[in-house]
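What follows is one chain in structure tokens, specifically the form predicted on its own.
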């Protein structure tokens, strides 16, 4: 079991922050949270307490959309729009992951950096290479990251170096699923996006997802050129989302990244099906896609979570993703003539943490019975002219941290990082 002492911060509801100063966060031998307490319950007298003093003990992050093989190209091609960026940088980079040694080297570093930055849960795209995907899952498992990884499926529009036949894609996916033997990292069905998959492949992936009761991840309405392309490929579908629904890839375990240009009808379809919107603010800005109306989506009752979307997004740290999300919402409010409102720090932090808990079959915040996922942050080196409240310190941490400010990370009840 673990007993942590410090300033306990969690997000039990959208827009709400729970702070217990110099409190105790306790988990049992299975890593499940027992509770948060202002004083140590008597039954734990004599038990070891990890006392972090005045440090902040916060929920760690869930990055619900990122592309592992794009990690080496962070910060590249940021002057291109989506389709040109994919063809110029992304597809050539991902093609290199047929090299298993390269995959091991890159993914080992990526997994460690995720943990070091306080990201303990992910929904991640690999490449179309089966062996490299298994290597990625292994490296995440060893580093302490939990969540989902998908072998990307694409049997068209990938070029000569990054494309499978339909038969190869189906066969490789089924083989990969049989070889997934990991405890904390599970498979997720991953058609890259509609232009990358033929109707035959999409249909088969829907069957595989249903047969194995697997979640699904893809992209939706990111870019206006992409939307027009999808319409050409599927003239029978009035809107983009229908290309997923007609192949049984549209349900309450589906993650759809971006949704920048989703119409009211598309947003309603997401709400009705329980589909998750994965907002990727930095990527949408970098690739000139637009600014998604996240505040509106929340008002409409949609499920919204956050993703770094590396390497469209240029920062792996979810602290930076939260900050980008806030800034994007302010830009959207300006675009909407100050009528839509913008996200507060508490609201954006919720989207980066508790909002994803339901995808992992858990309750919001540090709820009893959840697996313990948290980080310990030391902000004592930051300068201030007056004493700051714990809430002010929390807010500042989203925008400003010293190097190595994260001192410990607990994932699934295990200490996986400690300095």
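Positions refer to the first chain, counted from 1. Remember, predicted model here, so these are calculated numbers, not experimental data.
Heads up, the form predicted in complex with ligand GUN isn't pictured, but that's what we're talking about next.
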| query | finding |
| --- | --- |
| 4.5 Å heavy atom contact with ligand GUN in the predicted bound form for all of 116, 140 and 317 | no |
| Candidate stretches 85 to 93, 177 to 185, 259 to 267, 291 to 299, one within 4.5 Å of ligand GUN in the predicted bound form by heavy atom | 85 to 93 |
| Ligand GUN: the contacting residue among 122, 216, 287, 128 in the predicted bound form [heavy atom, 4.5 Å] | 287 |
| Selected contact from 107, 241, 193, 276, since only one has a non-hydrogen atom within 4.5 angstroms of ligand GUN in the predicted bound form | 193 |
| Touches ligand GUN in the predicted bound form: residue 370 (any heavy atom, 4.5 Å) | no |
| Residue 222 within 4.5 Å of ligand GUN in the predicted bound form, heavy atoms | yes |
| Non-hydrogen atom contact residue 283 with ligand GUN in the predicted bound form at 4.5 angstroms | yes |
| Residue 70: touches ligand GUN in the predicted bound form, heavy atom cutoff 4.5 angstroms | yes |
| Stretch 233 to 247 - residues with a heavy atom within 4.5 Å of ligand GUN in the predicted bound form | none |
